[in-house]
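This document starts with two versions of one protein chain, written out as structure tokens and named structure 1 and structure 2.
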Structure 1
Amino acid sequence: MNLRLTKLALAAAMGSLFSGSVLASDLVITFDDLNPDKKAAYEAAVEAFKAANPDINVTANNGDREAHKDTIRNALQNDAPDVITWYPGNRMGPFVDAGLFTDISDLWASDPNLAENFNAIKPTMSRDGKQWGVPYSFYQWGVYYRADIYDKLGLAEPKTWDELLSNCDALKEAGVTPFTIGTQYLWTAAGVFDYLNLRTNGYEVHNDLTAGKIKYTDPRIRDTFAKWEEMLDRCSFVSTHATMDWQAAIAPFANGDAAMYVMGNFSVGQYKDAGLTDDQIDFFQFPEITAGVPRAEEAPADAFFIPANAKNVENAKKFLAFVATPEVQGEWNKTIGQLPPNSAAEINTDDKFIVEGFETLSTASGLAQFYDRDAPAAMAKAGMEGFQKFMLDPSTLDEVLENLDRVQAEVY
């Protein structure tokens, strides 16, 4: 009896010691972008969340984007924050499958804003029929081109494949390399492949290929590569692309030696840093190849997830719902020059690339993430190496495709 009393007293003492920290609710957020504008947008959103929820004690961490790709594994398994950034699509697959992310389908169902304004991106955030994260930003891909060179040669934005090819002929005649690209880090080549594939075969084939349901030696994929070969032949890329990264590839574009660049909208700032003005550069959607194929676009998204080890799940859900609101989405993406996934959010109408991007993505029939996010990482690595090999020497096509089939059989 006495012993029990002592125990109770002890428990009460312990309780009073630690109850403070149990009741005062915490929220730990880990973000992964130190670029000045990205950092500012994130910090502004966190401040707004703090102001709206004074009772929550927020710890906001931020780190380098590339390092985050390595550290997230450790973070999710050991010392998990409550909210963490990661990529949707297949990139979240391994963590979802290992049970390291929290299923937030209930939030998607109960929050009217999430339920109504995120229809276009919802499939990307889903796996096994459940939703796992909330996107805060995405951006369009397409062709950025030198408007001044186009004007000088009297060219118009191509709507079809043939128009693109004849534009290329005219550019080459004038001594301009039609396309610049830097394939040193491989992924840029995947952007070109994705667009050729989306325009030749459509969204379904893209998804089936990256999901491992179609072989690389499939005739439809061979069609895509045939178009690519035509592009390499008649449009040609800068010859030294294998030793350049995507920023280095801007140099010939800025100097007027190359006229077009298949890229994502994050590159616009770099063109301007290289001395180009809004009048000199413009954007067009990658032209149609097979008539009648519904236009799907690349729109890689960045998202917040709740690790399964999170200690403050309710607060984390509050934060995700907050980030999803039209106001926060609009403000955030104005700061970083990208697009809000929330269709009710305002966009920056002063930026012509954002306006065109919004138009491009809101009218697209489907949104692809990107080859290296839709396909599992091991497949993506081999695939992109194959694309680079093919670009350097198109005669290796059969060898490349057979090797990719072999990797595909292993990875899935």
Structure 2
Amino acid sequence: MNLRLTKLALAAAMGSLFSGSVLASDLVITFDDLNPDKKAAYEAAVEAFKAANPDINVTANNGDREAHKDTIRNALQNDAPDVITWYPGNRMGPFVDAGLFTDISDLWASDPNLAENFNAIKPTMSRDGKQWGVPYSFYQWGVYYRADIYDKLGLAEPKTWDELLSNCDALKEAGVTPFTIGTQYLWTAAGVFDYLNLRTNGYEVHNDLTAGKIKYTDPRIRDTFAKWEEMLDRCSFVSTHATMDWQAAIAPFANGDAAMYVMGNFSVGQYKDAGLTDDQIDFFQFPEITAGVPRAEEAPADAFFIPANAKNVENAKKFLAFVATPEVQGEWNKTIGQLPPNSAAEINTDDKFIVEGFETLSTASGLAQFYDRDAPAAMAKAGMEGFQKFMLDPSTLDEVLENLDRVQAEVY
């Protein structure tokens, strides 16, 4: 167990010893990630919690993430654990609306740590004015770019849409394609759409769209696609994007044929594996489009929830409060190379992308969970197919939007 988590656990355990004897009770946790780093972080946190709460008998389960997606509803409806992993935002909505998750607004209100240090992510953990879970990790999206190419051409990180377009003009004049992307697996196009919509219309409109409350043919969404068409024209993406996955799309970025990539922070290791150094790559927030629209960010998060059928709710709340502490959040995310949602947690200051990402997300006005998490599965599939079709041929816009309206009417 990590030394800092050990100290935290021992301090809490001493407090419990001096508070009088407590009858043993139970806690059953279901986690969903078998990747070595994620598994190690989870197990370290559980061991620290057990040391801090020797009166609680903890059963810590773990399983495959994709299988978890298929089985969670059945688990929630039947013999539910006390704590279970799932996703914030609209993805938690169906379980909240079906009464399958426990309202933990009291924990958010009574725990100063949650009340003060989770402001950026609180909206995405909320529904109907209540809070339903506690996030343990997230990561930033944004624009990763070739700093050496920018420097050679005398370009600065763009803060506004016009500055981005101007940079694209300069790159194209120098024979460099502004953006790489691989849309063979469609979710990459969704990342571009999300940012264009967040910057054009803002967080509430974006959430209303993915929640099925406004149509794709709404003039505001048409404005988003107008910006996308401008991006396709003035900036341009690598022409073969439909034949490449996101990893194959790193090749033109690594060899200098393309200068920017709208992507998540998990991609940094792949850039380095392709031969790029920290000095050659950097990161900037997706630029402002509509002046005055608060800056929301794309930040897929993972969280713990308490099922409505949980047998040990008080112990479950103790575990969620423990996972929310700066110490646990900091160590968990250093282990997995991601970001702690707790703004008071320590981060790996040796990693410039983690530092920039932490600042980006901690100061955001809202956090979107990514299109294929925020929208129901059938809607997300149709939406991402439409995004790719539009990227390949912008003249299909009306056809794409009208089809997405039809799908939306069926799905919601």
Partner chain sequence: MTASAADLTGKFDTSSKQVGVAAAILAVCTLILVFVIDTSLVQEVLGLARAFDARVPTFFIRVAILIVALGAALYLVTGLSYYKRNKLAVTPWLFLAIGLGLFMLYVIVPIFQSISYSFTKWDGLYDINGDWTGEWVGLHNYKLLMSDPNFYTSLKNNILWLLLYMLAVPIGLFIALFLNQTVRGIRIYKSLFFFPFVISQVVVGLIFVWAYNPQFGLLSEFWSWFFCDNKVNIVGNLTRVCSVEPPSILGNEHTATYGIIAAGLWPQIAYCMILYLTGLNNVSPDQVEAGQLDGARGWKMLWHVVLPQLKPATFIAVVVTVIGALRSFDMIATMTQGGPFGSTNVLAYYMYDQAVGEGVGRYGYGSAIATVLFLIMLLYISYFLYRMYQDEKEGH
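If you superpose the two forms and keep the largest set of C-alpha atoms that fall within 1.5 Å, you have the rigid core. Structure 1's sequence is the ruler for residue numbers, which start at 1. Note that this is a predicted model, so its numbers are computed, not measured.
Exercise for review: Kindly point out the structure, among the two, that is the form predicted together with the partner chain.
Suggested key: Answer to the question: structure 1 is the form predicted together with the partner chain, whereas structure 2 comes from elsewhere.
Practice item. Would you kindly determine whether K215 and A377 are assigned to the same rigid part between structures 1 and 2? Key: Answer is yes, one rigid part holds both.
Check your understanding: Treating the chain as two rigid parts, how many degrees does the smaller one rotate relative to the bigger one between structures 1 and 2?
Key -> Rigid-body rotation of the smaller part between structures 1 and 2: 16 degrees.
Exercise for review: Once both forms sit on the same core, give the Cα displacement of D55 between structures 1 and 2 in angstrom.
Suggested key: The alpha-carbon displacement, core-superposed, is 8.7 Å.
Practice item. Keeping the rigid core fixed, work out how far the Cα of A324 travels between structures 1 and 2, to one decimal in Å. Key: Here A324 registers a C-alpha shift of 3.7 Å.
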